[in-house]
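Next comes just one chain, in structure tokens: the form predicted on its own.
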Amino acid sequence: METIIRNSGKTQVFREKANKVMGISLEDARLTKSYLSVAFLAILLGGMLGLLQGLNRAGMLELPVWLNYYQVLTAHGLLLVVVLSAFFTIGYFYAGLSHTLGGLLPKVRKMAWIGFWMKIFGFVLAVIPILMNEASVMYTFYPPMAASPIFYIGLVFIVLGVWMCAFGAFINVASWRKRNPGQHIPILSFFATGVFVLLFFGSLPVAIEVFTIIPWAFGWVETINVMVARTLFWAFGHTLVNIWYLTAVSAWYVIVPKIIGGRRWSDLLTRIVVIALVMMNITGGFHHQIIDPGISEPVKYMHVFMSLAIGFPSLMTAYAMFAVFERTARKKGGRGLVGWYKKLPWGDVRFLAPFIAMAAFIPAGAGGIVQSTNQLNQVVHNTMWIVGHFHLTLGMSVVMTFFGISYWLVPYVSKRVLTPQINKLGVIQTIIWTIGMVIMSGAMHWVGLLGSPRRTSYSTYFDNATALSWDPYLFFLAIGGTLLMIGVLIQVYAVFYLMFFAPKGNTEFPVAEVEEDAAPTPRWTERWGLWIVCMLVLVGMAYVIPLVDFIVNAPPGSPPYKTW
């Protein structure tokens, strides 16, 4: 028995070394390519629907009678918020696990495929009632609006598919730790662990919500507790936003320094940022309900503090990243107080796209502070400002990072290379996307301050003077949306060209090393059991008292409503 275990360990070590030298295995590559393909098909379809929304909201396009604005809005949100983000995140991190841990275990690969098809099946189930106009409840989908039960059953399969992938990642990491006692989890796999912890625990509340909605949607129960359902959704919704953010941050810390020819800043600081974001994420959900009645002011205050606390690891990230940029540029001969920036590879789309994404997070983060502050949120709540903020965070800080990743990840898993022509096309796409998103998001922010509501199709409200004053800004929204659609088409073309038609060759998986004189990272950073317990304690502090209050002192339940 001992001989078998010893031989198995040697075989795995050989696989790890071979993986580093020869690149990703065909089985692991096929898995990641499948996930990325779905992600970019989702952004293609979601982008088309987004353009329809933008043109309709600007009063420039009348939708046909068989397709209403809220159908488009629901499908757009589902495709981009759920499908794009989940499939890209899982595909990216599974490639990272394969690269840094010596390949995926066969059972983990099988779990990932099961998760893949469960999510596809769930998405098909959710889309059918949307197309039939039986589920125009928007991405948030919480009561009292009720969709077809099939829609919620589809969401269950999507969540189960995500859980399958999360546990597959945990198994792969645990196996590596068992084979490498006393060693730190490779940094990209450390990020993956944090993201999958959040994916599992963050999706638990929405799973509970959906399981309470299904009997209500079938008519088996007459009413539902709206406050509990909304709270469970935003415990998930707030966390989901920061799962995307943590995925993008992983590339900022680990990938971008390698691309610019530098090294990572402080392995300890990087791991602390991951731990902090994991521990403090779920607890900020109530700031999305800061205007809701039925929630006591002390509870709202506590959640505002917990939401703002996430800003600290973000500030640490900003410091670390610009320190890496300056150090690297100065080693390449950069001079002056800010003149060193000229030495950065601005013509490399793998750097340019994530750099603009980082810069965009400065105003995006500031907007998040506005929405986490009671007095300021009174002005922008449920206006187009919120939509502009959402597009700035997801559409720039996250999606542009995803785009930058795709220019090396797709060639890596496809055994192909990034050509100068596609790199140039990527730079053009990045510029078009940036201009489009700045115009669209800026118009949304400004018209939101003027009172234009979110989640509504175009209306002049009987030619009301205030509503008519919004039209010029909505016109710019349509212009920005059109530019973004052009950017989507270019990006999707680039991805599938790199996947199937680019010249064959070997592309590096760019993982930066730490500084040569870096201090050793303490072992306590690896105590994931402790960090999960701390996270659950914070979640208990944040949610137990208000949820018990909502249940014990329940408001009148709501029957299902169909408002479209």
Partner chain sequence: MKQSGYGFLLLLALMLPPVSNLLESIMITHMHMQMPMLVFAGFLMAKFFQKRFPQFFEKWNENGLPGILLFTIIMVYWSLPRTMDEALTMTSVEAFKFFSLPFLAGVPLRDSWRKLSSSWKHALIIFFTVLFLGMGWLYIWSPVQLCNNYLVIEQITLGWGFITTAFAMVVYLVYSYFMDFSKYE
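Quantities reported herein were computed from a predicted structural model and do not represent experimental measurements. Residue numbers count along the first chain shown, from 1.
What comes next is about the form predicted in complex with its partner chain, which is not displayed.
Interface residue remark: residue 208 is not counted as part of the site for its partner chain in the predicted bound form, having no heavy atom within 4.5 Å. With a 4.5 Å cutoff on heavy atoms, residue 177 counts as touching its partner chain in the predicted bound form. In the predicted bound form, no heavy atom of residue 69 sits within 4.5 Å of its partner chain.
Its partner chain is not shown here, and in the predicted bound form it never comes within 4.5 Å of any heavy atom of residue 504. Picking from 493-501, 49-57, 532-540, 30-38 the stretch near its partner chain in the predicted bound form, with a 4.5 Å limit on heavy atoms, gives 532-540. Only one of the listed residues (106, 336, 182, 333) places a non-hydrogen atom within 4.5 angstroms of its partner chain in the predicted bound form, and that residue is 182.
Contact annotation: of the candidates 302, 164, 118, 275, the single residue with a non-hydrogen atom within 4.5 angstroms of its partner chain in the predicted bound form is 302. Looking at 497-531, the residues that come within 4.5 Å of its partner chain in the predicted bound form, counting any heavy atom, are 523, 527, 528, 529, 530.
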